[in-house]
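Starting off, we have a lone chain in the form predicted on its own, written out as structure tokens.
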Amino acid sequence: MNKIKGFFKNFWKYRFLLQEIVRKNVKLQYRNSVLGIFWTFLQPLLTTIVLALVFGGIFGQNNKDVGCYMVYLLCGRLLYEFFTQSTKRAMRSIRLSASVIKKVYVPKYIYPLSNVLANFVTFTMSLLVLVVMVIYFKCFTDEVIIINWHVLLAIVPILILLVLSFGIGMILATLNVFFKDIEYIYEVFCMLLFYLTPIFYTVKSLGAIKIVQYGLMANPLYSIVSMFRDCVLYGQMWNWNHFMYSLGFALVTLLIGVIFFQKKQDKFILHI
């Protein structure tokens, strides 16, 4: 209990530093880009258009479970991109901050946390693309999009994804200090995760391959993305099994990440 109190007291003490690091990371993300922060809106839009052109003819046609395929696709792509980019930046945060860590004392969890939060800021801005797309398809096309008060509940899967991203980020940041190869392994994993998460397809479209369907459903991103789509695209309450599974997975991952990070952080200085 004393350790928990000490952790929150320490966190409160360095809250302003955390804010400044998050602000700096957001500014640096597109510093050398001609279009700057405009890429936050343009990148998800262009990526979604490309994916729609590639997979729309296969998975987007005659599929009543999808509704508006472009919005369906963008919902999955935004959440997947936030998770992968947050965890990648958190993974590299300790190594990239080695010079500061060696000179100044700052709670080391600040580095992965600030990177996840900075990415969360850009993610929330990119949601404007989703809002514009929903309005466009709702007002100017015959695509099926149901908008009601359930859209407000979309914040819940987003927050669960934030917790999951920080938990995974803490684990990866710790491993990356001792095993540099984890960066290359995780790149391959993220590519695999793209196909294991129903971003451009539905689980039902896989037909009678039940074992594959169950395997995909074990992916917590599946539950989170499904909850988000239920609120934004279908205007309905999420599946409570998805909620309990994803929340439980995220909290357990966060606990493991924090404990693992805390036990190994004193040895970071010897390896960075």
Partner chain sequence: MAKTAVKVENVSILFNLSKEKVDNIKEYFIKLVTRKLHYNEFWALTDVSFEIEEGERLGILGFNGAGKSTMLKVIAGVLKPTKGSVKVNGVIAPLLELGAGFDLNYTGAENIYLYGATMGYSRKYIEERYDEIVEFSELGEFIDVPVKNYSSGMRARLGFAIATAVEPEVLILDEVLSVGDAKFRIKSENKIKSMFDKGVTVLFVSHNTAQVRRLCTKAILLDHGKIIANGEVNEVCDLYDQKVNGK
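Computed from a prediction, not measured in an experiment: that's the story for all the values here. Numbering follows the first chain given and starts at 1.
Not on display, but discussed next: the form predicted in complex with its partner chain.
You can rule out all but one of 121-129, 74-82, 95-103, 194-202: in the model of the complex, only 95-103 has residues with a heavy atom within 4.5 Å of its partner chain. Contact check for residue 53: every heavy atom lies farther than 4.5 Å from its partner chain in the model of the complex. At least one heavy atom of residue 181 is located within 4.5 Å of its partner chain in the model of the complex. The shortest heavy atom separation between residue 28 and its partner chain in the model of the complex is within 4.5 Å. Among heavy atoms of residue 254, none comes within 4.5 Å of its partner chain in the model of the complex. Residues from 254-272 that approach its partner chain in the model of the complex with a non-hydrogen atom closer than or equal to 4.5 Å are 266, 269, 270, 271, in the order they occur in the chain.
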